[in-house]
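One chain follows as structure tokens, the form predicted alone.
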Amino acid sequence: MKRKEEMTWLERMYLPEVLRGLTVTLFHFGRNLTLHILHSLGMARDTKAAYSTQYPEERKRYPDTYRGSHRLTLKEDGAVRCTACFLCATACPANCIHIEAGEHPDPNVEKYPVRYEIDTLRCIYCGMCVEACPCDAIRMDTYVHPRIWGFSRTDFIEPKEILMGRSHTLADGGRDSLMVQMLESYKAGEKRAMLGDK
């Protein structure tokens, strides 16, 4: 068995790697500082200075594999596709899905969820509920992140109506419609909070 080469004294001090890291950091700092100064003088407008996303003015487009907020899929007639089989709630490691089943008015359908709630404060967005569902009733393809503000725990519990509403919004407005709706609700919440302070 061949013995690994031992590190030199300089390598054991990690000095070259530290200096390399400082060089990269100082290069980006100097470049961004120069470009921001040029932008304030009205020059070099074509070159973007900062590498980070300037949220909320800018936002990154989430990839197709992004696990966003949940939605309940709908049948052609607009009814919820869920059959209240409890497989998603059983598979959930965070125990955040609560379903109450009821008898469906249509005699051809056995049951449906009278109550379907997801506690987003407990949810870990693992996607096990999506994998467990035998009838493709729940998905996480909304391309929006979970709600990030609220005034009580109940603000973070998403009932069946909200989960179904996301499917309606996606069908009507396309992929970016839910993000636009969420940003508008944040702005409306900010305005309410500012008016409440005065």
Partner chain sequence: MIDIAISAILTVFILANIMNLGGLLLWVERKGSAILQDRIGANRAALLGKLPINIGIINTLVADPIKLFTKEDFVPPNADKFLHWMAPILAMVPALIAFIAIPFGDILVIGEREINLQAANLNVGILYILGMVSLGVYGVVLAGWASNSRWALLGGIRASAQMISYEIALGLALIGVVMTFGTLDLQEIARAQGHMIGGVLPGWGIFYQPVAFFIFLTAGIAESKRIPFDLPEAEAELISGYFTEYSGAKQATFMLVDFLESIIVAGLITTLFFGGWQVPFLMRDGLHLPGDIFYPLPSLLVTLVQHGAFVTKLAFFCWLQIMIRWTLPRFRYDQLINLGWKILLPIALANVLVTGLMILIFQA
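Numbering follows the first chain given and starts at 1. Only the largest set of C-alpha atoms that superpose within 1.5 Å between the two forms is called the rigid core. Treat the numbers as computed from the prediction; the structure is a model and nothing was measured.
Below, we turn to the form predicted together with its partner chain, even though it does not appear here.
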Legend entry - Every residue of L22, H28 and S52 near its partner chain in the predicted complex, heavy atom within 4.5 Å: yes
Legend entry - in the predicted complex, segment of 33-41, 63-71, 154-162, 141-149 with a heavy atom within 4.5 Å of its partner chain: 33-41
Inset, instruction - Please check if L10 has a heavy atom lying within 4.5 Å of any heavy atom of its partner chain in the predicted complex. - result: no
Legend entry - in the predicted complex, L15 touching its partner chain (heavy atom, 4.5 Å): yes
Inset, instruction - May I ask you to state whether E57 is within 4.5 Å of its partner chain in the predicted complex, using heavy atom distances? - result: yes
Legend entry - Per-residue C-alpha change between the shown form and the other one, G30, threshold 2 Å, rigid core fit: yes
Inset, instruction - Spell out whether the Cα of H39 moves at least 2 Å between the shown form and the other one when the two forms are superposed on their rigid core. - result: yes
